[in-house]
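As a starting point, one isolated chain is supplied in structure tokens, in the form predicted alone.
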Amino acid sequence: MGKIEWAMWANEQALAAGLIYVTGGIVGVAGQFRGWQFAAFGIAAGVFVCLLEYPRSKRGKGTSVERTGQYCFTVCVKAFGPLTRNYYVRAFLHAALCVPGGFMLATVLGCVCLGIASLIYLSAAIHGEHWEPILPRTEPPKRVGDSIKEPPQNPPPRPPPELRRKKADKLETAAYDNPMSVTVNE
């Protein structure tokens, strides 16, 4: 079995948690519930988490698919250096940001989701993972069409080369050589 890349799961969980946190904060502020200041903090924290988590990290093996418009966020996250690349820092940051959300019902779900993301990031950090930016490719991908000189002449399935039909210039050599004798049994 392959090695689990915990950071990939933590990134998706934290991005969803940030969106849920923002939504709960909007509900809390719009409803002017008791302790709506926690909801206002939830909006700010959710937006911060979404901006931090939007750029995906480069995978250890295989292909890394970046999100649409990720490049400008990648530059910003990369600029903070070890503060954003280290998953221990992200785990403790998310744990600290989720605490105030637990004091208000509208933001509890975002708080719990962000806490789970924090635990997954802690697991990623323990397994030695760190954030790597997905940078644009410098060399263009190799075109497959350049290696094909001439398309096949007969449709598939194609017989092996020794059994292919020969040109009909000479009628004696144009027919197949049947390895089995053909006789009429009457």
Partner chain sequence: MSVALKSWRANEGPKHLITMVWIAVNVFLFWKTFMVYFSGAQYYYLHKMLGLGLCISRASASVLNFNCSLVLLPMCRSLLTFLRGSQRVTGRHVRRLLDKSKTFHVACGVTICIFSVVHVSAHLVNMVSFSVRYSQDFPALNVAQYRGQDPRILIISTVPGVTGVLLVLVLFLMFTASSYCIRVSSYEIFWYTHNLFIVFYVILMVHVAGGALKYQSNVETHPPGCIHNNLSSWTNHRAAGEKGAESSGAPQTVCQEEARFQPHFPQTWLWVSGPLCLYCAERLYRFIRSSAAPVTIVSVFTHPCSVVELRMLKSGFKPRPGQYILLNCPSVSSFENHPFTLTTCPTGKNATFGIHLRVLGDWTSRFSQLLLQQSNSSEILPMMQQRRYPTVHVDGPFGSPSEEVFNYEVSLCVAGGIGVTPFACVLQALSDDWRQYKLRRLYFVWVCRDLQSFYWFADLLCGLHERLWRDNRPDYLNVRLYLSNAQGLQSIGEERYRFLSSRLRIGRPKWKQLFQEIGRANQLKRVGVFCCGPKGMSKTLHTLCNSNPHTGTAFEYNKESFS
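In this text, all values refer to a predicted model and were calculated from it rather than measured experimentally. Numbering follows the first chain given and starts at 1.
Although it is not shown, the form predicted together with its partner chain is what the next lines describe.
- At least one heavy atom of residue 106 is located within 4.5 Å of its partner chain in the predicted bound form.
- Using a 4.5 angstroms limit between non-hydrogen atoms, residue 127 is distant from its partner chain in the predicted bound form.
- Although the partner is absent here, residue 34 sits close enough that one of its heavy atoms falls within 4.5 Å of its partner chain in the predicted bound form.
- For the chain shown alone, residue 77 is not a contact residue for its partner chain in the predicted bound form, no non-hydrogen atom being within 4.5 angstroms.
- Residues of 37-62 that come within 4.5 Å of its partner chain in the predicted bound form, judged by any heavy atom, are 56, 59 in sequence order.
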